[in-house]
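In structure tokens, one chain follows: the form predicted alone.
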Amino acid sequence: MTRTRCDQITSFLAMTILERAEELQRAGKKVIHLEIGQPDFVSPQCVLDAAAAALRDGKTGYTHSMGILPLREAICEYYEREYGITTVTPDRVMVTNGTSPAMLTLFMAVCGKGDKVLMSNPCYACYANFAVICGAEPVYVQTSPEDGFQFRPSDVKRLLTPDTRVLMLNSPSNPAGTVMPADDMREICEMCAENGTMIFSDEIYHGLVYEGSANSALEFLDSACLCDGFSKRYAMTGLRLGWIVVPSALIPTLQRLQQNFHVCANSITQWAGIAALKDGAEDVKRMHDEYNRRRKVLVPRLNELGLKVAGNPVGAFYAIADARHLGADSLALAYDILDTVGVGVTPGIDFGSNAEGFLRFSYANSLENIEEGMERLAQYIESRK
């Protein structure tokens, strides 16, 4: 059989662990889920009401392939309100069925055979697969746990070449939950612009920062391409709604791809998205504050257990911790922890070779479950002595 690029796509191990955990649950075992970035909150009431109203009003047909204009306008208002950016206009925004399809469409529009895509090692597990499916080659910038697995501009500069088509930013980051310093982001944006390298910035965890603030790449480079969405801060993961902001020149290509492969984003959730942006601030703050409370329990507890947390996880809802003293194979270790004490964690190898031996923990679960998960983990570590 002829091989295709699909044969090069790796599994998303966070989902693999989740699926194994669900098997154990069906067999009657209680599992504490710290492996998946799934908010345990119900979507804000304004979102539910807007979705229900859209259904009642029969707004169930196709929309414009770019997304309904009121939502694109609301997204523009968001950038002005949150970052003081006034250059985002509706003609630069495309609404998508979640942020993952947004990123895939963006990679398809820009990358081809022979292109290089710079990304951190470790990084979100799916970035490399987005590049590979388009024929591009991932090139990894080595990062360290001391830096919270964030880029150092000097390391980026050494790897930039004329073939470097894209550099992938992610702040707050998955898997480490760290935030890139503003000066570093500015420097990286400037050197990429000078090299003719495009910036793709995954900003899905914006709005979930507990100390300081996160910068949008658009603050430093108007030609940056952004992906964001409603899944994380609005607890709308299953409603599948995201967006892209790009330079106007790229829109015709993105629109053709959208028309052919996705047609348009879900009509009902687009109306719900407007409500989230306009009326969801109090709900976001409530969830934000609760995540922060959980973070302040999880991170110290991991350190107490001898699982040193990388960097300063002040954003998203993740911490990644060094478990190399428990085993060099993080996938085998994650399976063993799950099967032995019923705690789901994500193996570091899912995110890159630099995170092998680390485990990622999500605090998008209740404080009660986090505390129980830490007690079970303590029992597991004690049994290994």
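Quick note: we count residues from 1 along the sequence shown, nothing fancier. Nothing here was measured: the structure is a model prediction, and the numbers come from that model.
Missing here is the form predicted in complex with a small molecule; even so, the following discussion is about that form.
Taking non-hydrogen atoms only, G207 never approaches the small molecule to within 4.5 angstroms in the predicted complex.
Interface membership of K232, defined by any non-hydrogen atom within 4.5 Å of the small molecule in the predicted complex, is confirmed.
Shown alone here, S120 lies farther than 4.5 Å from the small molecule in the predicted complex, counting heavy atoms only. Although the partner is absent here, V88 sits far enough away that none of its heavy atoms falls within 4.5 Å of the small molecule in the predicted complex. Considering the small molecule in the predicted complex, the lone stretch of 296-304, 214-222, 112-120, 169-177 in range is 169-177 [heavy atom distance within 4.5 Å]. Distance criterion of 4.5 Å from any heavy atom to the small molecule in the predicted complex singles out Y124 from the list Y291, Y124, W271, Y79. For the residues N266, Q258, T99, Q150, the 4.5 Å heavy atom test against the small molecule in the predicted complex is passed only by T99.
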